[in-house]
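One chain is shown next in structure tokens, namely the form predicted on its own.
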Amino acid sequence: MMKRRIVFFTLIVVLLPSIIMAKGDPDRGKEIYDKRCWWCHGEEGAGDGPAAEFLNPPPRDFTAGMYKFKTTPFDEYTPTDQDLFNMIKGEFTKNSITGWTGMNDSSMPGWGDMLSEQDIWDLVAYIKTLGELEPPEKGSISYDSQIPPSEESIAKGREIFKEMCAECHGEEGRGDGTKKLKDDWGYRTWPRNLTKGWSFRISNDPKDIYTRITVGIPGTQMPSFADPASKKKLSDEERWHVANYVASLDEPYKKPTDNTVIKAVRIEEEVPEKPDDPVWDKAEYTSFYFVPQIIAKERHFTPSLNSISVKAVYNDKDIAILLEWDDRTYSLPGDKKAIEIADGEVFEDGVAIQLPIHIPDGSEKPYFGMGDASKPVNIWFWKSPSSKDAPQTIKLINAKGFEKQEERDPSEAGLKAVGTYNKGTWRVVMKRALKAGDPEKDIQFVSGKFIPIAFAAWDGSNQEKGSKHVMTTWYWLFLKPEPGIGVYAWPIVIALLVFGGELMWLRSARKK
């Protein structure tokens, strides 16, 4: 009897803190909310804080009580407390870009580094009062039936995906299904680009994908494929196959990393002028995260493009840079389909490279927003056709800031560009001679030096033109120098010295 009491009290001591923590204190949670959360989510939790209009996607409206990323079944309205805890803490997300612990590809940060677990549970308790949430009748869905990824499972998932999912997510999963979608709050939504695993709000782990397929994403056009009333119902096994296939679509090179240097590879053949040239296989992509241009008017806060991947090659005469970015829509002004998909007027798609006219000797660079008076920049600006029969265009712009721009004839520097669009992806090649134009007006490329480089892009179907675009800060372009004769000569010299030393040792040994 005494042993049972000891066990009972031990369990109470061990479990009581977690039980109390799980309940949380809504009054204390309100204090934390008023300090940390209202700026985006609003004083009353309606998603209407002072920062809300500048965020894409918009902050969650807690008063509606509807949450997109929950683990309870499709017919259970309320998420679990653990779901809310995870969304606030943020550290449960996987495959995110470096330094980010919040919900991927959104403005919702992870608070685990600033708030204690008790703070977060208190916030959970308070947030639940805003939507008058009752405890869920059902717990989280089960993962006991998980089918491990395999070639067979992925192949089955591919066939199901083509039939059930490609309509929105596109044939290659890049979100280019060309359907105009809006959520229950009236905001424009885009199908997830499944090739960018780092952009999934939670992660592209098969279990998390299975959750989205099974539960759906409430408030959006992403349905539950476990709903027996749905025309697109899938069996549990089929949902696991699709999850495994979707996870396999991830293209890791598209994920921005800590690498800030584009390594241009020296080649012997002619530099390529087209994106599909096999010569590009000799170089590696470096990817960068896009941010909206909010420095100068007209500012941009609702981007649809989130990253760009770049590679470069050069020879003794020319340099070519390949730019690749995913864009769900081919923006063709005047085209009925493009107008139907867009929220407003359609403009051309575009991409630009920014380079300093004079390569700095140290780390000091021009102002990344189109240079400055003392440090001007070259801008190579490519645009897609303005109509069905119009050509692509390339512009050469010299800038000393946003208000001081001079457009020049690109032929002055021998600048050329060509782009192709295929199933949700633009690939554009820009080519120019290493030494070209006027050294006072045009950059002169040299190998062995770190050259500042920055990028910008425009999605015409998102009403982006002029200063409404996404951009990067400065990164680096490095033309890897051709190995000098010393690289080859020194190993030979060392080998000869070693060989000579061995001969001398043998001769002395024989004399003995």
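Everything numeric in this text was worked out from a predicted model, so none of it was measured. Residue numbers run from 1 along the displayed sequence.
Another form, the form predicted in complex with heme C, is not on view; read the next lines as being about it.
Taking the partner from the other structure, heme C in the predicted complex has no heavy atom within 4.5 Å of any heavy atom of I451. Heme C in the predicted complex is approached by V242, whose closest heavy atom lies within 4.5 angstroms of it. Contact between K383 and heme C in the predicted complex is not found at the 4.5 Å heavy atom cutoff. For the chain shown alone, Y77 is not a contact residue for heme C in the predicted complex, no non-hydrogen atom being within 4.5 angstroms. Of the stretches 473-481, 53-61, 459-467, 439-447, only 53-61 has residues with a heavy atom within 4.5 Å of heme C in the predicted complex. For the three residues M108, I127 and S203, a heavy atom within 4.5 Å of heme C turns up in the predicted complex in every case. In summary, among the residues A413, I217, L322, A342, the only one with a non-hydrogen atom within 4.5 Å of heme C in the predicted complex is I217. Residue-level contacts in the predicted complex: of I262, L396, L84, I141, one residue has a heavy atom within 4.5 Å of heme C, and it is L84. Taking heme C as it sits in the predicted complex, the stretch 229-247 comes within 4.5 angstroms of it through a non-hydrogen atom at K232, L234, V242, V246.
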